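The chain that follows stands alone, in the form predicted on its own, written as structure tokens.
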């Protein structure tokens, strides 16, 4: 598995902590920016990460901004992306189990590193349950096809 990472200035420090955590676990990462000390628009970096998923270069993504909300909005504009802003273990786990979420969005202004690492761990370990949830995800995929061709 290879995970795209992207942040704006508000999520930079959290991104760096999560990147080190993932690499320590042997998970390959593609850092789509931003760099230290930059003040940037999260949209630009979210796009880079989503393009890496669209091309098949990355399997999943973790995006960071102040709250995770802006990055989730950007990510969900791309075909095949199911992004969720998560602030606790339960939402991270359910985003995978029930929604087959492939893009986790975290907030550098709302989470401490230890909390974020727990959320990332829960998200990585949870597996899509299928069943009634698969029917719902399929409806989301059909809606995406209808609206975006």
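It should be emphasised that the depicted structure is a prediction, and the values quoted were computed from it without experimental measurement. Residue numbers count along the first chain shown, from 1.
Keep in mind that the form predicted together with a small molecule is missing from the display, and what follows is about it.
- The small molecule is not drawn, but in the predicted complex it has a heavy atom within 4.5 Å of residue 109.
- At the 4.5 Å threshold, heavy atoms of residue 22 stay clear of the small molecule in the predicted complex, well away from it.
- Within 4.5 Å of any heavy atom of the small molecule in the predicted complex lies no heavy atom of residue 133.
- Residue contact check for residue 42: one or more of its heavy atoms lie within 4.5 Å of the small molecule in the predicted complex.
- With the small molecule left out of view, the stretch that reaches within 4.5 Å of it through heavy atoms in the predicted complex is, among 111-119, 82-90, 58-66, 28-36, 58-66.
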